[in-house]
Each structure stands twice: as structure tokens, then as C-alpha cells.
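First come two forms of one protein chain, each written alone as C-alpha cells, so that there is a structure 1 and a structure 2.
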Structure 1
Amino acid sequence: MKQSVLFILLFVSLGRIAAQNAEQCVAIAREQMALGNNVVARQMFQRVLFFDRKTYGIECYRELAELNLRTGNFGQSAFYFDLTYQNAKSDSAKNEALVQKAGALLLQEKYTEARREILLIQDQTEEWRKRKLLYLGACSYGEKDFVTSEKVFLQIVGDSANAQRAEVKKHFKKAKKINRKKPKTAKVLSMVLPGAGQLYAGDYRNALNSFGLNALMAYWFIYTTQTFTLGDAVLSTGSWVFRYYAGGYQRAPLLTEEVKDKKLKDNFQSLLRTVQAQ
């Protein structure tokens, strides 16, 4: 009997110590997050999950999701936001976790998965209606379905906000114009005139560099031909001309996609500022 009582007392004491240690670990982890020591903070939260998942699980899931989001580990962030959603006690907490997970998926360009998470939200209040529309519009924009995305964003601003509606339409007109740039066209232009593909893509700096370099190569070719012979000119400049020529037209399609992507993202950020100015 005495042994049973001793074991019970020991078990209770250990439980209290573990709880105290877990609470201290959570406090230390938050402190390390604030200081920017993300690796230490991650290890502390994971330690708490190992020893006291029942008490501090949802709190650690949420913090780990935010931590991974901050450090650019969007896949792990979505994973922990999903665990937050599964363990949340209230509908509002579940909805918030779904939105955060959708955001992490959007950053990975997983638009179909993000849309699926947003559609799980059942809250019909005006605030949540607009938040859902915002994310759905973002999904369509990411998929370059600008017609659908424009309709969604116009729903967000409403029928009475004429100035904002005009701004939204302007942003989508710009997005469609940016998206019309074709990588194959850039390649063909670069083959016809080195630098023209970069100019078409909108990379004016590289276009000017290419024009200048090729003009220099052309001048050197002509100078060598007049001073020495055509054969000397071909030998001295041919390899350099081919190197930059071939590199230019091979790079042009990739450059076009890169410039398009950046301009579309910048345009989307401007679109968000317009919508959020309500």
C-alpha cells in the first residue's frame, strides 16, 4: 500500500516538473524567436511537443508554422498550420489556420491546394467573405486566369467604389499586357538582332549591354579585316561573337519568363494595396 502511494506521489511530482519545464521551454523559445535565433527556437518548440504535446501542442504548432513561414520553409509552415487547424477548439481558430495554410501554399505556387483550403471555410460573415474572395482571387491571378481574378477582386471592392474599381481594372489590363510577352518571340528577336530579345522582355539594362558589346565586336571585326585580313578577323572575333550571340538567344526565353514573373508579382502587390485601401 505504501509503495503504491509512493509511486503515485512520484508520478504526480514528475508531471509537475515536466509541465514546469515545458512552460519554461515555451518562454525561452519565444524569446529566441524575438531575438532571431530561429534554429534554437525551433528546437525548443519541438522539445516541448515531445514532452508535453497535450498541453502545449496547438501553441507549438502555431509558433512553428509562423517560424517556418518567416524563414521561407513554406512546406513545413503549411504542415504545421494544418496541425493547428486539426487541433483548434473554435471555428474562428480553425478558419484562421486554414487561411494561414492557404497563404503558405500560395507562396509555393500550389494554387489548387490553396483554393481547396479556402473553400473549407464556412463562416458567412462579411469579413470572412472578403478574406475568402481575396485568396480565391489570388489563386486565379497566380494561375494567370486574369478574367476570373478580376471578377473576384471587383466583388471585393463592391459596386459603389468607382475609383477603386477603375484602379482594379487598370491593374488587370496591365497584367494581361505583361503576360502577352512570349519567350519564343524573345528568342527569335535575339537571333535576328542580339539584344532585341532582352529589349522585348523588358530588361533594358541587359539589352543595352548586349547592343554595346555586339557593336564593339562588329567594330573590331571590321577594323581587323581592314588592317589585316578577313581570316584574321574571323579567327580573332568569331569565337567571341558566336559565344555571346548563342548565349544571348538561348538566355532570352528564360529572361522573358523571369521579367514577366517579377512584373506580375509587383503588379499584384500594387493591386492588393488598392483593394486594402477600402
Structure 2
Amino acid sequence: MKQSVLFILLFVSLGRIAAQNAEQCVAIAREQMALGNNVVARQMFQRVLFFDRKTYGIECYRELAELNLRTGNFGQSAFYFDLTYQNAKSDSAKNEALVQKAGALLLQEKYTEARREILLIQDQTEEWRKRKLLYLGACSYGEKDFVTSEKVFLQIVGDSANAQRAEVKKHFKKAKKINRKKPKTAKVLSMVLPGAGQLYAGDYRNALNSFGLNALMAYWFIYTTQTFTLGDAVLSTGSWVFRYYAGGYQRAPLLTEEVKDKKLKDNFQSLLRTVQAQ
């Protein structure tokens, strides 16, 4: 009996020495996060959540959300920011979590969902009103609703800054012009003349490449027709001619979307710099 009690006491005391409490775990996890050991940090935070969700829940949710945002897991990040929002006590903490969640959604290009989160913000102060407007403007821009986005950004800039208002209007004029390009038009143009669709999209390198390759194939086809017969040319070169001709017009719409997306994003970044300079 005595021996058993002694053993139990010994094990309990050993356990007390070796184990970390939740506070220490959070500290270690933060340290690991700062060092860039994201896997270890994530495991530690999840361990704390498992054992002491009540006390450290909100801290761990926030840190896990930040961690996922940093590592590019934007879906998980939005999930943890949502939990942070649900567990936050004050209005400002709730607002901050909503903004962060909207950011994670914007990073996934989920503009409508991000707008839904932003609209939940309680904008009682001027600072929150401006932040809300900034995100709403970004959401509208992402949804390609440039009219609404322009109105919002003009509100952010204010009535007095005339030069900046003009600059914002210029950016939106440019955005509308970029958005006017249609993938279907690019496809039709490429069908009429190989490379024309790529030229319309604004990708000059691909336009030249497509035109050159198709010209070469056409030359090969004509040469074979003149040297041998039309039947021979169709049999030997027809599939190659069609392959690159079809490839050109099938790629043109995708290329148009790609170039449009790139130009719109560049324009938005430039717009942000203008607004920020205020």
C-alpha cells in the first residue's frame, strides 16, 4: 500500500514538473510563430484550444487566423476570424475581426461575401466609417461595379481635395475602359485573322507568335498544294493547320480575361496609392 502511494505521488510530482500550462503553451506558440515555425505554432494553439477554450479561446482564434493568413490558407483564416468575431466582447474587437475576415475573403476573391461582412460593422466613429467605406469600395471594384465603387472612393477622398477627386475619376474611367474588352470579340477576331484577338486583348507577344505560327502553317499548306495536290496537302498538313488555328482562337478569350484582370488589379493598386496619399 505504502509503495503504491509513493509511486502515485512520485508520478504526480513528475507530471507537475514536465507539463506546461495553457499560458505557457500560448507563449511558446507565439514564440514559434515569431520564429516562423508555423506548423509547431499551429499545433500548440490547437492544443490550448482543446484544453482551455474558455480562457484562451479568443486569443488562439485570432492568432490562428493570423497564422493562416500569413501562410496563405485564406479559407481557414476567414473561419478563425469568424470565431474571433463571435467570441469578441467589445464592439471595436468585433469590428476588427470583421474587417480581418473581409480581408481574408477578398484574398480569395470572394467579393460579395466580403461585402456582407463589412456591412455588419458598427460605424459609430469617423475612423470606422472610413475603414468601412474603403473595404466597400474594394468589394464593389472587385465585383466590377465601378459606378458604386467610384462613389465610395469619392466619399473617402472628400469634397475639398479636388486634385485627388480628379485622379480617382481618372482611375475609374480607365477601369471602365479596360472592362469594355469582351472575350467573345477576341475569339471572333482570332477566327477572322489569327493573332488579332490577342492583339485586341493587348498581348502583343502572343499576337505575333500566333500570327507567325499560323502564317508558317498556311505557307506549308500552300507549298504542299502547289508541289503535290490539294488532297495531299489536306491529308499531310490539314490537321496541323487546324490545330494551331483552333488553338489560337480558343486561347484568345482566356487571354483577354487574363490581361483584363491584370490591368484592373494594377489600376486598383494605383487607385489605393492615390487615396492613401490624402
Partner chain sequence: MKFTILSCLILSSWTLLPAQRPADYQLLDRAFEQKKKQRLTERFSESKQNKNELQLLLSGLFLTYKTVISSQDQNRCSFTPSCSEYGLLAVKKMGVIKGGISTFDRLTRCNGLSGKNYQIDPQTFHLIDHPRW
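Residue numbering: sequential along structure 1, first residue numbered 1. Heads up, when I say rigid core I mean the largest set of C-alphas that superpose within 1.5 Å between the two forms. Everything quoted here is computed from the prediction, not taken from an experiment.
Asks: Report the structure number, 1 or 2, for the form predicted on its own.
Replies: Answer 1, the form predicted on its own.
Asks: After fitting the rigid core, is the C-alpha of Ala65 off by 2 Å or more between structure 1 and structure 2?
Replies: After core superposition, the displacement of the Ala65 C-alpha between structure 1 and structure 2 stays below 2 Å, so no.
Asks: Return yes or no for Ala29: a CA shift of at least 2 Å between structure 1 and structure 2, with the rigid core superposed?
Replies: After core superposition, the C-alpha of Ala29 moves 2 Å or more between structure 1 and structure 2.
Asks: Could you check, with the core superposed, whether the Cα atom of Asn214 shifts 2 Å or more between structure 1 and structure 2?
Replies: Yes, its C-alpha moves 2 Å or more.
Asks: Quick one: how many Å does the C-alpha of Thr224 shift between structure 1 and structure 2 once the rigid core is superposed?
Replies: Taking the core as reference, the C-alpha of Thr224 is shifted 5.5 Å.
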